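First, one chain by itself in structure tokens, the form predicted alone.
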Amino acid sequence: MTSFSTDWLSLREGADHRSRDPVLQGQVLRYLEKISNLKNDPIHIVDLGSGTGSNLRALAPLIHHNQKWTLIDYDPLLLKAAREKICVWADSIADRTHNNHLDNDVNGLVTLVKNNYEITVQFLQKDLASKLQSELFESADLITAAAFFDLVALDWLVQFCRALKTSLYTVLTYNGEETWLPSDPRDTEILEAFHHHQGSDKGFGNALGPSAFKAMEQLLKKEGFQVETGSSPWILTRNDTSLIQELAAGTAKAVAETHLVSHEIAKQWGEQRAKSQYCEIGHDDLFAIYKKNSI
């Protein structure tokens, strides 16, 4: 599986959190509220490709109920960073069941308090690409993911949608739409080459990239899920200078690797785009309610 640096994930977290579709997120929160009224136990959420725990930090404070989160990632360094960041983010640490947040062992539990609610977090190092272990999801009330499904291959996504027996909330799936201002005559060929790179193997086989969202929506509907969608574009302005610079550099590097555009053109485009004061990067959110969980 592809891994990402903690610096990149930290840099994008603010844009990720503010870009989520608020209407769709409201539907998810109302769904979880109904679930909480039917159970005394904590709400259980499993987060796929959790990185440093950004998805938890965005959603957990909005849920007015005790929670259990299972964070699953391939990279042990990201899970360690997640433990550290979440413990700092918490109002207090209620309990460290097996190891504290500085332990080298990424697996284990930590129970913290945020907004007067207890949140128990489990950290699991798993390669979801090698074997889809659906038993990981069986006790979950909700499966979540952020900026994850555009990395997977079609065969894996088909298997996942068939195995899924829990409602799913996934945000910030890249849809391929980009606008950089001011416009540049090289934008079209750069974007085409970038899409080609997005379709390369990210650990699951050839990635779906920008076509992932539509494929996932169709597959889930075929499996009988009630599917709602929303738009969550990054709108980046001069207040996001560092993120724009890193995004431009990363795009130029990816494009150069395809050899569809010369290294020099990719480099020039990246340097010019690093000075942009506005760009919009298209993403979409999806909430799929499992038919047996309709409440």
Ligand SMILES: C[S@@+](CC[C@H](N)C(=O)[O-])C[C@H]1O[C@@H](n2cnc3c(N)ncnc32)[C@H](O)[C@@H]1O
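Start at 1 and count along the sequence shown; that's the residue number. The structure displayed is predicted, hence computed values, not measured ones.
The same protein has a further form, the form predicted together with this ligand, not shown here; the description that follows concerns it.
- When you look in the predicted complex, the only residue of 54, 251, 245, 229 with a non-hydrogen atom within 4.5 Å of this ligand is 54.
- Exactly one listed residue, out of 75, 223, 217, 141, brings a non-hydrogen atom to within 4.5 Å of this ligand in the predicted complex: 75.
- Looking at this ligand in the predicted complex, residues 9, 49 and 151 each place a heavy atom within 4.5 Å of it.
- Using a 4.5 Å cutoff between non-hydrogen atoms, residue 204 counts as a contact of this ligand in the predicted complex.
- Using a 4.5 Å cutoff between non-hydrogen atoms, residue 128 counts as a contact of this ligand in the predicted complex.
- Not displayed here, this ligand is approached by residue 147 to within 4.5 Å at the level of heavy atoms in the predicted complex.
- Here the chain stands by itself, but in the predicted complex one stretch of 189 to 197, 120 to 128, 162 to 170, 205 to 213, 120 to 128, has heavy atoms within 4.5 Å of this ligand.
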